[in-house]
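The data below hold one chain only, encoded as structure tokens and taken in the form predicted alone.
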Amino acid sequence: MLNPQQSFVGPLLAWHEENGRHRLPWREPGRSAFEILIAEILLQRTTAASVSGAYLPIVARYPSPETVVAANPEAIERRIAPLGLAKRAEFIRRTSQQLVARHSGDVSRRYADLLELHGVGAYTARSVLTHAFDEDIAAVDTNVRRLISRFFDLPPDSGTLPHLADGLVPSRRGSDFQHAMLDFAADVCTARTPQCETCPFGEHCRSSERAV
């Protein structure tokens, strides 16, 4: 009988230790919850490569909600303009206003509170809880959904998939596991040309078995 921890979680974490995108600036140890929230907002509907160059100047200039609220909105827009994501400046500004007004400038670790922030949906809220507060939960986007649906041979739109993802998260390694899923989906289990021949899951992948 398939043991997901041995056949999926373990190999995935081992792959990530060797091949993960560890140098992405928002993954640096010691990042504050607000800096992680900023990264997750910037990463919505765009790639890590696109955000990477702009992230450090933004969080260096605006390290807290208070600094965002005090800033000229046009100055924030100019810093985010290179990303081509003008709406993100408004998201960051309004979210910062909410954090200052409702939470004394702190990022709440309550899921319901995060969902009330402007521009924050389920995926972003779960990512913040995972990376900023070490919650053992998964954040499921298109890439994670593709990876898990292929390995377990489930329909990509299966309603059980988010619950399955939560159940796979290893204790106290939620952030590592989330990064591993994202990186593996981006580099190996890609949408159009998955690298099945070199995939470390081998015969355990249900989609691979079906293809054979």
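These figures come from a predicted structure and were not determined experimentally. Just count from 1 along the sequence shown to find any residue number.
FYI, the form predicted in complex with the DNA isn't displayed, but the following is about it.
K.L.:
Which single stretch, out of 25-33, 165-173, 151-159, 62-70, brings residue heavy atoms within 4.5 Å of the DNA in the predicted complex?
P.N.:
Stretch with heavy atoms near the partner: 25-33.
K.L.:
Considering the DNA in the predicted complex, which of 138, 132, 107, 117 comes within 4.5 Å of it through any heavy atom?
P.N.:
Here the answer is residue option 117.
K.L.:
Should residue 48 be classed as touching the DNA in the predicted complex when contacts are defined as heavy atoms within 4.5 Å?
P.N.:
Yes.
K.L.:
Report yes if any heavy atom of residue 87 sits within 4.5 Å of a heavy atom of the DNA in the predicted complex; otherwise report no.
P.N.:
Yes, residue 87 lies within 4.5 Å of the DNA in the predicted complex.
K.L.:
With the partner left out here, check for me: in the predicted complex, does some heavy atom of residue 100 sit within 4.5 Å of the DNA?
P.N.:
It does not: once the DNA is placed as it appears in the predicted complex, residue 100 has no heavy atom within 4.5 Å of it.
K.L.:
I'd like to know if residue 112 sits close to the DNA in the predicted complex, meaning any non-hydrogen atom pair within 4.5 angstroms.
P.N.:
Residue 112 lies outside the contact set for the DNA.
K.L.:
Taking heavy atoms and a 4.5 Å limit, what residues of 146-180 are near the DNA in the predicted complex?
P.N.:
Result: 146, 179.
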